[in-house]
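What follows is a single chain, given as structure tokens, in the form predicted on its own.
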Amino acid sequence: MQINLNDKVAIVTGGGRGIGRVIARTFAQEGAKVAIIDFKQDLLDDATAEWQKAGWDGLQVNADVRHKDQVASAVAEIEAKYGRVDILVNDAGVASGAKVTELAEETWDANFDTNTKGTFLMCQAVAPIMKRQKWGRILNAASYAAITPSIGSAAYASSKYAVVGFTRVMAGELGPYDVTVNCYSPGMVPTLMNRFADAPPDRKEKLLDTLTLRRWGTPEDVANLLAFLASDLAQYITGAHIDCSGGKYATQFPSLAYEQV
């Protein structure tokens, strides 16, 4: 059995860079026609160049997932070109924060506007298309912060907990149409947003000590999971929140196993 996304039409939000870009690239390599939605034109231009060089079929759309009119226009453009939408990956996100007593209202709103509202608006836009098709895959980015939050992450963690609950409701509502809806929680994947790679050496060691598989995650680890979830191989998985963190805190002190080897 092999993952086969040939001729599927996939939308990846936040696909201009980081994990989203690798997800979009992986889907294209598996045969999908990939539409990237991002609000930074320079990132879209770079993706366009990559897609053209590789000979992949795709579309790059400048839109901000926080705004309903832009979301509606982007999805309409994609449907007009391809006639359908099979897969939606809501990977666009922000992660600003502070301790609750110092947390600005604008920071709270920024997290919910992109992480939660953006996911809602995109799902709302593609759901009627998938219902007509009686087939679809929706994959929403949660976060390990929605499993075990960190100090100073109230806004971010709350927005991602909301994504988990929203995902389960959407799964229930779209089940009769053979549309699956799942969410995924990457762990410590170094990105420009979290800057794990820039941490001091002692801090890196402490972070790695929390992992059962004691290495940084990669965007490819996440993308491979999503390629599976988007395929027919995962047709009986829905309403799930999947931990892709290398077994972070699977036991209380994962580092003990490495000390005993």
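Start at 1 and count along the sequence shown; that's the residue number. Because the structure is predicted, anything quoted here is derived from the model rather than measured.
Here the subject shifts to the form predicted together with a small molecule, a form of this protein not shown in this document.
Picking from 45-53, 63-71, 200-208, 224-232 the stretch near the small molecule in the predicted complex, with a 4.5 Å limit on heavy atoms, gives 63-71.
Listed residues 96, 133, 150, 191 were compared with the small molecule in the predicted complex; 191 is the one with a heavy atom within 4.5 Å. Of the candidates 92, 139, 121, 75, 92 is the one whose heavy atoms come within 4.5 Å of the small molecule in the predicted complex; the others do not. Taking the partner from elsewhere, residue 11 is found to have every heavy atom lying beyond 4.5 Å of the small molecule in the predicted complex. Residue contact with the small molecule in the predicted complex: residue 214 places no heavy atom within 4.5 Å of it.
Among residues of the shown chain, residue 167 is not one whose heavy atoms approach the small molecule to within 4.5 Å in the predicted complex.
Taking non-hydrogen atoms only, residue 182 never approaches the small molecule to within 4.5 angstroms in the predicted complex.
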